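First, one chain by itself in structure tokens, the form predicted on its own.
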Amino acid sequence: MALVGGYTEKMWESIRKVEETRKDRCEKQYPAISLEKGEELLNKYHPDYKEGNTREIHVGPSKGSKVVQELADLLEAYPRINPDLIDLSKVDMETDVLIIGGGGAGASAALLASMNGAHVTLVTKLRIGDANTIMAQGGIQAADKDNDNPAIHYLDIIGGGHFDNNPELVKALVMDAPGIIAWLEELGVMFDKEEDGTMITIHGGGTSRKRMHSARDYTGGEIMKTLRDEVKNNSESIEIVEFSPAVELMLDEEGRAAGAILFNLETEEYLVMRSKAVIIATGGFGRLHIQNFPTTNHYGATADGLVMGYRAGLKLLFMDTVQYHPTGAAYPEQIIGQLVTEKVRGTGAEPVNAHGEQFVYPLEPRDIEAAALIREVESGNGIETPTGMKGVWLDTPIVELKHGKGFLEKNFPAMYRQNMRFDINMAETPILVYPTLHYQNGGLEIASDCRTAIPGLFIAGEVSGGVHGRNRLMGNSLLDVLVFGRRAGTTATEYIQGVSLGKPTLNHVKSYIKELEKLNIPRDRVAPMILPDYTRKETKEKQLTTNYLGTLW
């Protein structure tokens, strides 16, 4: 099938309709949806409300609550280790504060713990920085302008989260936010600024003030690069252990966090890591591909922290709700699911259907925006690609009408180059988008200082639940990992003063196994997943040798 400018002739027929309505749309603003209509839209079209999406879990501290099916399968699974075969008296490594996860939350926790005098060991599944943080594009929220304040930011978050947020967590988030921007600047993060040095801020979905700070369209990359370098510059007090994910927590005889069992991906050894405190900062579950959606998440986002924390006894919050980013790439096939940052809509791009009609205000909260896009496609107003994928147009050329020629290439260089690889110039033609799995709204229950129900165990970042309620607003995830990463590092260091651990055990794992056995859970169901398996079913049927999962059963 011949392509012209990256698209088929049938797609061009639709693009011409978009071009015909562009000038008129540029002069008008599509109205925001009412609260009642928004709820109606969610109930009918958002994937969270799809029948059969969730089920009750039958084991653990949140027994009886509903979580998404894919996570339920991981929670009702056997550990990778047989606890009777692990000799906890043979300690391979020891540290004051063990941080599990090498993204923004883990790195900022390491810096603050180190600053407060602790010896820190940061263990990570892949390399430090291989995380969702580095993939974040659009920006980070902070109410630091004269027309804004933390109270307004607070109200935006509570409304966006459907009033289910933990108020204390939201308060911590908004109150720390201005200081986070100052801290990042001090470390060397290069935010977008006017010629006079004034911070450039824009709107995001669900915001009532322009408080989105960004670094072009690679804000997370700029932040993570800076944090990673700072961690490495503190090598005397921060040890980094890469390619060694934690697979189980250790608790002492009094139920306090006492370290973790690590799995070396290269040597396939299980290692005993002792510590006075543990911080879980493992991120989200995007690579579970909830309801078979593509995802924006990095390769290691497989809910490991949820599994370990839950087995140890922590409760889960809001795990029946998932954030699908409204604008994931839907064409070409090579980039399906990759993020088209909300910042593009924040600068004026508009979702438009196959007939050139705008059908939703571009900056609704993400769940409503996503539901609107799904409705349009399911109503027959989408555009189909040669491979059968369907989506709607994001009219990007209208941005240049509003801001001038060259604006997109200057402000979205990564996205601009990515599309040009496929002969698509987003400054001249719209791009095709459809919702993609983006964020884990819920997680493990924490207090505002990142303490949990288990002494010595702290949680930070996307693996935690409560701050965003049932829907996160753009720019609050980068803020979340930094606010609570720093708080976790500080609180953990305070906690270890005078702590004298007892004998480490895996008794909680043994108890969990007994619950699974009572339910007759199949033995081949194992968690944590660690890495997703993308082997095709047809290929697996021809693989006659056993696929080693690193289990000890």
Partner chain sequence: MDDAMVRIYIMGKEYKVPGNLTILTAMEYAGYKIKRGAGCREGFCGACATVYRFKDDYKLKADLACQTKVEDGMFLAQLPFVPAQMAIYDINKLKPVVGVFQELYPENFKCVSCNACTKACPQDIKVMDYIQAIVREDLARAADLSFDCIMCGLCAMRCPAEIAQYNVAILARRLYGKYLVPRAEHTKKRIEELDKGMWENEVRELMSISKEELKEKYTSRDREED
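Residue numbers count along the first chain shown, from 1. Fair warning: this is a prediction, and the values are worked out from it, not measured in the lab. Throughout, rigid core stands for the largest set of C-alpha atoms superposing within 1.5 Å between the two forms.
The following text describes the form predicted in complex with the partner chain, which does not appear among the structures shown.
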item	value
Single option in Asp130, Glu384, Asp96, Glu76 placed near the partner chain in the predicted bound form, where near means a heavy atom within 4.5 Å	Asp130
In the predicted bound form, the one of Glu254, Asp92, Asp423, Glu185 near the partner chain [non-hydrogen atom within 4.5 angstroms]	Glu185
Three-residue site Lys193, Glu268 and Leu531 fully in contact with the partner chain in the predicted bound form at 4.5 Å by heavy atom	yes
Option from 373-381, 390-398, 415-423, 83-91 whose residues, in the predicted bound form, bring a heavy atom within 4.5 Å of the partner chain	415-423
The partner chain contact at Glu168 in the predicted bound form, heavy atom, 4.5 Å	yes
Contact flag, Pro455 vs the partner chain in the predicted bound form, heavy atom cut 4.5 Å	no
Non-hydrogen atom contact Glu428 with the partner chain in the predicted bound form at 4.5 angstroms	no
Proximity of Asn476 to the partner chain in the predicted bound form, heavy atoms at 4.5 Å	no
Sequence-ordered list of residues in 142-162 near the partner chain in the predicted bound form, where near means a heavy atom within 4.5 Å	Ala143, Asp144, Lys145, Asp146, Asn147, Asp148, Asn149, Pro150, Ala151, Tyr154, Leu155, Asp156, Ile158, Gly159, Gly160
Core-aligned C-alpha movement of Asp533 between this form and the one not shown, 2 Å or more	no
